[in-house]
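There is one chain below, alone, in structure tokens, taken in the form predicted alone.
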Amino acid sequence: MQILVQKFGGTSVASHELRLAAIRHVEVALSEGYQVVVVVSAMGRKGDPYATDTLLSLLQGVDLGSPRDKDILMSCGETISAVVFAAALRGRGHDVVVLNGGQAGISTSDRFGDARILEIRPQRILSELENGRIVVVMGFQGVNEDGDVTTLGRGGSDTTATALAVALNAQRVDIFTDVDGIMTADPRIVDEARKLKRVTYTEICNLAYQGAKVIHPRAVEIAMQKNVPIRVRSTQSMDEGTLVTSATAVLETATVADRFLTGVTQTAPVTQISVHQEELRGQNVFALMAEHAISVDFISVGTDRVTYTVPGKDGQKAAELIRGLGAGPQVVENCAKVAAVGAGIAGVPGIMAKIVDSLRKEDIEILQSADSHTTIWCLVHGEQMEKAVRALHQAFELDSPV
């Protein structure tokens, strides 16, 4: 069988008109000879009746006291969405079956609210496909070894879709959303931002980890295990969107192979904390942060100072913890991490110099910087974030077609 997995996010199934637009994509895939597995998220976003955040708001002021019960509640949005979507498909004359996570063969760990997929047994899905049915699977959920419903955490429906694609040996995963694809920058910041035709798995993971929210990086990492291609597409367009695939495939199909940067993204707000080593008196500041569930990033450990960043919401708490050690941290609030991402920057001289020059020309202060194989990060003041993103986008000519 030629299997295609199509995932429709909450904004793609929020209304009857949007569901019909989604169904058109299902019907195109069927006409192309694919057997189709549809994965759906809960309908809409916070404030919409059946969105996950709306369901959680029912517990406001209530101490549920049971993560297991909370997962049962959170899974209801996908249950409603799947049944409604299947009904719309039947209204168009299609034979459809709806499966929850457990029926789809998704076995997970016991960590309620953030479970990990341990195994997928896709026999039921394959049987239904062989019988000519469209299979609609409730995203974001599975079951643990006791048969309890578990949810997969942020990006869980993306993860469901790519994990099913790997288990089914699918030809591709299409992730449908309310944007046309992966952009070189946030179009709300950069007017000249353009859609990328192709990116590598690594590039999109780095873009996602650094602030781009089109697809969850965990889902991409799962697809990468078997080189299952992903397309990020708009529900309301027949445009092919952005293809996410291996670096080799990108180079084989790209018209220009020497693209240095793929995109520029940003994360804000973050707080920078710096403290003298001698004031710490050998105490492990990172163990202290971990003990209080504070995530650290942008770590720089020198003989004189320890410098790192924390999410903005944790800045004051982190500083208080350091003061509790008898140290006086230097704290810079309302910072932003700007990331330049591209598979082409590895080992290329002059990339960092160009970044520094482009930011200095705009009088943007670099508070801290770091780099990896495919990403260079600069920490800047929050009020200079948008200017920094635009400066890097322009400096590397990301508005030019590849």
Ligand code: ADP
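Note that the coordinates shown come from a computational prediction; the quantities given were computed from them, not determined experimentally. Residue numbers run from 1 along the displayed sequence.
A second form of this protein, the form predicted together with the named molecule, is not displayed here; the remarks below concern that form.
This chain is displayed without the named molecule, yet in the predicted bound form the stretch 208-216 from 208-216, 119-127, 100-108, 87-95 comes within 4.5 Å of it by heavy atoms.
For a residue to qualify, one of its non-hydrogen atoms must sit within 4.5 Å of the named molecule in the predicted bound form; none of Asp53, Leu59 and Met74 qualifies.
The named molecule is not drawn, but in the predicted bound form it has a heavy atom within 4.5 Å of Pro187. With a 4.5 Å cutoff on heavy atoms, Phe140 does not count as touching the named molecule in the predicted bound form; it lies far away. At least one heavy atom of Thr177 is located within 4.5 Å of the named molecule in the predicted bound form. Contact between Ala318 and the named molecule in the predicted bound form is not found at the 4.5 Å heavy atom cutoff. The partner is absent here, but in the predicted bound form a heavy atom of Ile182, alone among Ile182, Ala82, Val310, Val275, sits within 4.5 Å of the named molecule. Taking the named molecule as positioned in the predicted bound form, the residues of 2-22 that bring a heavy atom within 4.5 Å of it are, in sequence order, Lys7, Gly9, Gly10, Thr11.
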